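Next up: just one chain, as structure tokens, the form predicted on its own.
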Amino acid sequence: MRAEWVRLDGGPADANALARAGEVIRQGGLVAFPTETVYGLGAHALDADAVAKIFDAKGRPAGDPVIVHLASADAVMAVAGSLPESARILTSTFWPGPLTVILDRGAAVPLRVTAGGHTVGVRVPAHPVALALLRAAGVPIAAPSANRFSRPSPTTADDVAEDLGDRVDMILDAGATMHGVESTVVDCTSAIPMVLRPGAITIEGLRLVLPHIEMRTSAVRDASAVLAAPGTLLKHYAPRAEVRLWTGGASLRSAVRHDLEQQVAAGRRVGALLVDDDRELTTGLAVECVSLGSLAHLDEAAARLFAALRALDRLHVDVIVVRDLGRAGLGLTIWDRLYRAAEGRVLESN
């Protein structure tokens, strides 16, 4: 059965749609909804059976925890056992917004949410539809990205329908998301707060308020492992096509051009995922090219990333050639997503 698809336009009919969506959540159903990062697949966070439906719909491994979304920071102690000073500083600065803090799990949170662990990821989203849904439901909402597991995250309702259209009860469509990449995840349960997943808030931004924060990202190969944070498996955000991810120094662009030539010569259907600055690398080649925008505007590149990977999949390319855009600011987040899309296979230019 296909999901009820509701397009929200800010008009009076939205309130009725959101009220129905809130009821679906309270009754243990699944609602896909927009956040400022990507579209989420929501269920009643305090209902273990409802949360289990998320895992079934996505094909998500049981060891991959899901984030709990709240309508306001005032509700955090309903799902957390404590609020350390580092978390208080971060949440007072970045909530509502694309920041997830990992805290000690509150007793009300089912172990299904936390993959059996003793911590829980929590955030207050900034998207008006997400907040309105949370208020309409009146309960915390557990929500990973609304896509089949390991696929590129959805940034439009069309992406959700492509992956999960017959697996959810309702899709709330409010257009494309703003950031296009997931929230930054920070573990606040130890003395030194640790970034476990780079996201829409950069490490540089976090250090403005917590100078001692550190980074500890991981790439877990075993999909059956219990993860400390979502988005840390080695294979994640992956299109159907092979991703050839290039990094290096002065010869990087030449290496990308040569690889494009070689892939075309081998008879493969080739996709190029490039910034505008690199468009000449495809000159004279029979490749499908999708741009991430300007290298000077990495926020734009991040916002386009998952949509671009999906676009190239829809063009049925065999291989996607892409290069490192740097590791500063959002470049690190983009690198993290591409690294996992490539399953950790990185090509080095001379």
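Start at 1 with the first residue shown and count on from there. Since we're looking at a predicted model, the values are computed, not measured.
Although it is not shown, the form predicted in complex with a small molecule is what the next lines describe.
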{"query": "The small molecule contact in the model of the complex: residue 121, any heavy atom under 4.5 Å", "finding": "yes"}
{"query": "Residue 260: touches the small molecule in the model of the complex, heavy atom cutoff 4.5 angstroms", "finding": "no"}
{"query": "Non-hydrogen atom contact residue 60 with the small molecule in the model of the complex at 4.5 angstroms", "finding": "yes"}
{"query": "Interface membership of residue 79, the small molecule in the model of the complex, 4.5 Å heavy atom rule", "finding": "no"}
{"query": "Heavy atom within 4.5 Å of the small molecule in the model of the complex - the one residue of 270, 185, 160, 172 that qualifies", "finding": "185"}
{"query": "Non-hydrogen atom within 4.5 angstroms of the small molecule in the model of the complex for each of 40, 66 and 102", "finding": "yes"}
{"query": "Partner-facing stretch of 279 to 287, 29 to 37, 316 to 324, 44 to 52, counted where any non-hydrogen atom is within 4.5 angstroms of the small molecule in the model of the complex", "finding": "29 to 37"}
